[in-house]
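Given next, in structure tokens, is a single chain: the form predicted on its own.
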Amino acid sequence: MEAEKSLSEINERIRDGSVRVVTAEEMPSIVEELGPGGAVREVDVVTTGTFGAMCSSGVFLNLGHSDPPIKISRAWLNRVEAYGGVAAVDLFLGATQPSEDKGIEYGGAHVIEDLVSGRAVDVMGEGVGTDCYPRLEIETTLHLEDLNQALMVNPRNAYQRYNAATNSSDRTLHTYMGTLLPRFGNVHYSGAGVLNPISNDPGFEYIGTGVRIFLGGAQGYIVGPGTQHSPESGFATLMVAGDLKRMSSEFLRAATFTRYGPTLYVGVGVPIPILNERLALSTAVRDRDITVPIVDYGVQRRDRPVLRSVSYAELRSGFVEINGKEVPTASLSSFHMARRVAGTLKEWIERGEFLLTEQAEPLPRSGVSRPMKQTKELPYVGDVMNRDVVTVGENISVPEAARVIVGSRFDHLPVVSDEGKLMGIITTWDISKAVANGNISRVSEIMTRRVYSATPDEPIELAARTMDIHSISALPVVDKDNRVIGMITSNDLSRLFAGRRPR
């Protein structure tokens, strides 16, 4: 007969101080030693925890009414804009909103941390002016205790797992997965592995709407599936809420990812009651059982290539292998703090300060995470490029190249091999400099060999960004075999964007 117990029995043990609680790190060895039935009899609750960058976070703030009253249409907290379209003095501040005077170095996450830390926040508001709300402007300074309510509502937290990220391109990328070094220089990952809440109850036998949780150092609740909830692909998420006034800056920390923007590190922990052997088995998960894809962020498209799948055990070892090369790994989330979350939740339950709640509704086991429907597609490079591109071979002389460039309408000449494959590029400036220096030799000696190029199926905005980042004015367009099939220039882009500009 399968071992079972009820949530009421567990809560009674919490009240009388006899509850038996372990963290998710401890549970696998208990199940291994005692079996799932023995684990049900030995353990009442398994605590989980995660502490990572959770951009999809924010707070609703009620400022109270001024005299004369104002209906705020736009508002700023420490020069970070908050959404004022909720009601007269209710604002929503998102964690990733950047400051208007400090840029991405300071944002909504920093305002939230300032409030929780007891620091004053400058508030500016603009009103629309009505008979009942005649005031047009407000400026004041507020602390967290001055607000009527401060409710954290995070649409998407505690991902079940997260893609690991690397970069195949030849330049450093700055992303929400941190700074990714060129040519597979590193791999970044996020998540708490064995301590991850959803990984310990992937079937949502207990995790569901209405379940009381640890949120930012206080008690909060799961209010439903998070946005982009997709459990069938292993990417389930939670929407959570809690009282910001009860939270701690130890478990809510602002951060800025270099050349990407602000984010909020949030501590989230879910207690899993061991009601039956199924939950005992699901909480026996180990790092080696949880796998994630390594995704190439060097491809700047929505659907990026997956290079391989790895386990959290491999990622946490410090190195993974990509294309035969040992690549260092680093975590963007803090396993130390995830342990703090799980450990603190364990202490609350053992002290009788945290009772477990029944789920009001289970989370759905399937979700919706479709790509955006785009009714106005951007043109592709192939739609705009010049197809009558002129190329030269690397062995022709500089004077010959000069005659070619004078006879063409381009300031750039792709240099190609006998098979038409791109090898380099020369410009009118390269030729002028060579002539001025008396270096009238062959093209191969003056051409730029590190050439940035585009492909015909690439959205035009990616080509424009490549030109902007590298301060260049033309890109050869190549096919899948690296043969030159066209050229796109900054003049082509200027004409295109001028034609799209509203008149």
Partner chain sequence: MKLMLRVAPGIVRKPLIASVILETGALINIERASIDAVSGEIVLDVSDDKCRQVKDAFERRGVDVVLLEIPVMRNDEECVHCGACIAICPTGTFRFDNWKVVTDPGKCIQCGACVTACPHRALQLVLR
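Numbering follows the first chain given and starts at 1. A quick note: this is a predicted structure, and the numbers were derived from the prediction, not measured.
This next part talks about the form predicted in complex with the partner chain, which is not shown.
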Original post:
Which of 344, 160, 97, 256 has a heavy atom within 4.5 Å of the partner chain in the model of the complex?
Top reply: 256
Original post:
Which one of 150, 332, 392, 89 is close to the partner chain in the model of the complex, taking close to mean a heavy atom within 4.5 Å?
Top reply: 332
Original post:
Is the partner chain close enough to 37, 198 and 204 in the model of the complex that each of the three has a heavy atom within 4.5 Å of it?
Top reply: no
Subject >> Location of the partner chain contact in the model of the complex, chosen stretch of 404 to 412, 370 to 378, 183 to 191, 231 to 239 [non-hydrogen atom, 4.5 Å] >> reply: 183 to 191
Original post:
Using heavy atoms and a 4.5 Å limit, would one call residue 316 a contact residue for the partner chain in the model of the complex?
Top reply: yes
Original post:
So, in the model of the complex, is residue 336 in contact with the partner chain at a 4.5 angstroms heavy atom limit?
Top reply: yes
Subject >> Heavy atom of residue 399 within 4.5 Å of the partner chain in the model of the complex >> reply: no
Original post:
Quick one: does residue 265 come within 4.5 Å of the partner chain in the model of the complex, counting heavy atoms only?
Top reply: yes
Subject >> Partner contacts for 105 to 132, taking the partner chain in the model of the complex and a 4.5 Å heavy atom cut-off >> reply: 105
